[in-house]
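A lone chain, given as structure tokens: the form predicted on its own.
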Amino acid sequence: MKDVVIEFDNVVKYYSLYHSFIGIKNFLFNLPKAIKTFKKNKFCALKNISFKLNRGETLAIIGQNGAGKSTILGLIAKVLKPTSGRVLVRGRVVGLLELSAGFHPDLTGYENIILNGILLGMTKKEILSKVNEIIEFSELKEFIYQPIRTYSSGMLARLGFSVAINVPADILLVDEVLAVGDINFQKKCYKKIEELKNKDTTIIFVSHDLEAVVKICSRCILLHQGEIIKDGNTYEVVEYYKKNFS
């Protein structure tokens, strides 16, 4: 029996929709009504989501904007909490989400590798042991001692991807970040993803690039308005999505 590393059990996630009141006096004198309004004005991002993911599985999550894909990633990464239900995650999670997050513009590329690696959960010793590998993968060697405020957005994305992809992970979250650099660099990114798959890394891939979804993942979940519409073979789910939602 395979190890279950991610489990969602009837997960519901609401976001509050806040509206302004005219004046603090009006708010205070209508406090019960204000509290009632706050409680009523909610958006349900996920509705009773249940699924399990085994170690080494590659899962794509697809759907239109606002379907709830990023909310699921946020719950797995533990930056969000469910309103109700249960989310179990077993193992070290690394997210390829916002690739330039955690970078400081006045630090050099080299210094930002150290900083970003530590923010992603590595020790200084661990990140230093991988720094040359990261620089080589990024193809930014001649710029690595320049402040990253001089980098283009593409260079920043390549540096961020290179750091995150080299952090040891049991579970890898990938959200629309593989379109970095030129075609050759993208090929290298896909090759690295394949290497991680062969090492039994569990991968959750969110993308609107359906060709990449089919290429990377063996299983796919289709979300629509916070609900799972279909869960199964990637090619079949993608074809259903193109037929019914494109």
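All residue numbers refer to positions in the sequence shown, first residue = 1. Keep in mind that this is a model prediction, so the values were computed, not measured.
From this point on, the text means the form predicted together with a small molecule, which you will not see here.
- Of the residues Asn48, Ser218, Gln64, Gln186, just one reaches the small molecule in the predicted complex with a heavy atom at 4.5 Å or closer; this is Gln64.
- Only one of Lys199, Lys192, Lys52, His208 comes within 4.5 Å of the small molecule in the predicted complex through a heavy atom, and that residue is His208.
- Tyr235 falls outside the set of residues with a heavy atom inside 4.5 Å of the small molecule in the predicted complex.
- Interface residue remark: Leu17 is counted as part of the site for the small molecule in the predicted complex, having a heavy atom within 4.5 Å.
- Among heavy atoms of Thr71, some come within 4.5 Å of the small molecule in the predicted complex.
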